[in-house]
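Presented below, as structure tokens, is a lone chain in the form predicted alone.
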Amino acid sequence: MRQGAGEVIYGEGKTAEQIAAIASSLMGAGQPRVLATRVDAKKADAVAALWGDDGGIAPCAYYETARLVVFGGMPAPDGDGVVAIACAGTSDLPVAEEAALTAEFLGNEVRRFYDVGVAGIHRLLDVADELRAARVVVAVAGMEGALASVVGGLVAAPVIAVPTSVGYGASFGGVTALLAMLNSCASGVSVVNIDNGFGAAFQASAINHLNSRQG
């Protein structure tokens, strides 16, 4: 009622039994679908077994790259436009896919633009027009985190930057990318926490539903 989205389960640190029980409780109370984040493959298998043994009230699907479990399936998009996910490299895919699938779960049409990092900037420029057509862009990058600034210099839409923990020693587990994104001179770039694809997608979805959920 407040945010236009249901409760989400943070799966890391929870047991399979707890995840299945929480999802069952939420859906039993009327939530049509439930998302669980940060669930590894072994735990997801256990959740699926419990869900099936319990006569689950809705389908349960696991997305391994993103480490997401979706109970109840994906909705049809109902946002104002397209959410674009721009990902620097293949190593950033787990975070990018967490963002992309979360955005789809929240009712957004998503376009993926992967392997468009600044080390091969021609690949980013090749899709610049498609990025400009998006309502909001999520830029996912590790290393030096330059992708967000470049995207911010190309598009008029809000850019949500996601630093990833990808990189060699001086990347400090994503801190270098985080600081670079926070210090971006491109206007309209906001930043979420390291590896927080979910948080970026939630914010992108809120922007993409500003018109459809007014009032």
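The numbering used is simple: start at 1 and walk along the sequence shown. Since this is a predicted model, take the numbers as computed values, not measurements.
The discussion below concerns the form predicted in complex with another copy of the chain, not included here.
Here the chain stands alone, but in the predicted bound form its contact with another copy of the chain, taken as any heavy atom within 4.5 Å, falls in 167-175 among 58-66, 167-175, 27-35, 42-50. Taking non-hydrogen atoms only, residue 194 approaches another copy of the chain to within 4.5 angstroms in the predicted bound form. In the predicted bound form, another copy of the chain sits beyond 4.5 Å of every heavy atom of residue 21. Residue contact with another copy of the chain in the predicted bound form: residue 207 places a heavy atom within 4.5 Å of it. Contact between residue 96 and another copy of the chain in the predicted bound form is not found at the 4.5 Å heavy atom cutoff. Of all the residues from 168-190, those having a non-hydrogen atom no more than 4.5 Å from another copy of the chain in the predicted bound form are 168, 169, 170, 171, 172, 175, 176, 178, 179, 180, 182, 183, 184, 185, 186, 187, 188, 189, 190.
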